[in-house]
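Before any questions on how it binds or moves, here is one chain, the form predicted alone, in C-alpha cells.
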Amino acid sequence: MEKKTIFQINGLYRDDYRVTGYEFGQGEKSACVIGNFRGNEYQQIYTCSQLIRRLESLEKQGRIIKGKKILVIPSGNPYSINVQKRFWATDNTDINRMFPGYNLGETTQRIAEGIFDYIKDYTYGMQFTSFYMPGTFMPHVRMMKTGFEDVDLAKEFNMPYVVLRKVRPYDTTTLNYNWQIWETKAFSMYTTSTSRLDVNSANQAVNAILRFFAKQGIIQYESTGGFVSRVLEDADFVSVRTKTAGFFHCITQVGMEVEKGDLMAEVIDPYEGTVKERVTAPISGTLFFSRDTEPITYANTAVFKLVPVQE
C-alpha cells in the first residue's frame, strides 16, 4: 500500500487542503473507489476505510493480480467534514456538481479538476455517495443512462438492486456522468445510511466491491453471499407522500415487505400529541427508501419509496 497526496491547495489560515489516496498493486489503472464529497457523508468515508483495511490484507497475501492497480480515496472534501457542513463551507457549493472541473475557476471547480485529472483514466470507477433526500435506503448500485452504462456489469456486484435513472441537466456536472463520458465504467454505490455509521451495510458494500474486483480479474478473492440483482428504473418506484406536517413516527423498516393498506407511519401533532395522519401502503411491495432519519415531516413530502411486487 502506498499513501499519497493526489491533490493539494495551500492554506492561508489553516492546514493545507489535501486529498489523500491509497494505492494497491502496480500497473494499469484498473479500479478507483472514492468516498465522500459532502461533509455529512460519514458512512461513505467509513466504508472506504474498511475497504482499505481489506485491500491491505489482500496485498500482503499477494492476492492483487500482477499488473493491476487499485486506488481508494476516502474523502474528496475533508474541509467540510472538519466544520460539519454538507457543502463547501465558504460558498455552499457542491463539489460533486463541479466535474470535470476547471483549474482556473472557483475553488470547488479547481478541486474537481485536480481529482478528476488523477482518476479519469481508470477502467472502473465506484463512488460511495448520498441522495439529496435524507433517509435510509436498501443497498444498491445506481447508474445514469448516458448510453455508456453497462447493466450486466452492474449486476456483478450482486447487490439487491441496480437502479437506472435518466440524465437530468444538472447531472452532467457529476463525477459519475463525467467518468462515463471519459469511458470509465462508473457506478454509484449506496449503503443504507449517510450521516450515521451502519457497520453491517458498510461490510456488505465492501464485499460487493471485492466480488466485483475478483470477477474482473483484479484480485484473487473467493466471493460468497450476495444477491441476484433486480434492475429498476426511476419510474418503477411508487412514492408515498404525507398530507400533513408534524412529528414523523415511522413504523416500518427499509427492506420490509408490506401489503396494500398496511400502516407504515403516523404524523403526530407537535403540540397536542394526537395522530394527525396515518400513512398506509398504496401497493404491495418492498420498502426501498424511508425518511426515517428526520424527526419531522412537511405536507406533501415523499417519506417512502416502494418497489412493487415483481410479476
Partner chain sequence: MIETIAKVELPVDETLYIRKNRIKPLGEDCGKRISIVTGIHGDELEGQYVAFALQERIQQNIEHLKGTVDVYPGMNPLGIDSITRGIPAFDLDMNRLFPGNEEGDMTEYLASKIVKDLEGSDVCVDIHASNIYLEEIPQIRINELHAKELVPLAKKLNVDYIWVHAASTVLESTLAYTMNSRNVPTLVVEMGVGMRITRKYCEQLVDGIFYLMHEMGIWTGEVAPVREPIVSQDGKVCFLNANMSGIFVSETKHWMDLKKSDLIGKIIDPLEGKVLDEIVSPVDGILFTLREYPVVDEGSLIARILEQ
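Only a predicted model underlies this, so the values are computations on that prediction, with no experimental measurement involved. Positions refer to the first chain, counted from 1.
There is also a form predicted together with the partner chain; it is not shown, and the following applies to it.
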Taking heavy atoms only, is Gly35 within 4.5 angstroms of the partner chain in the predicted bound form?
no
My question is simply whether Thr90 lines the interface with the partner chain in the predicted bound form - judged by any non-hydrogen atom within 4.5 Å.
yes
Proximity of Arg211 to the partner chain in the predicted bound form, heavy atoms at 4.5 Å
no
Arg241 versus the partner chain, in the predicted bound form: is there a non-hydrogen atom within 4.5 Å?
yes
Among Gln204, Ser229, Thr146, Thr173, just one has a heavy atom within 4.5 Å of the partner chain in the predicted bound form, namely Thr173
Here the chain is shown alone; which of Lys155, Arg86, Lys185, Arg142 has a heavy atom within 4.5 Å of the partner chain in the predicted bound form?
Arg86
Only one of 219-227, 188-196, 116-124, 130-138 sits within 4.5 Å of the partner chain in the predicted bound form by heavy atom distance, namely 130-138
What are the residues of 105-144, in order along the chain, with a heavy atom within 4.5 Å of the partner chain in the predicted bound form?
Gly105, Glu106, Thr107, Arg110, Tyr132, Met133
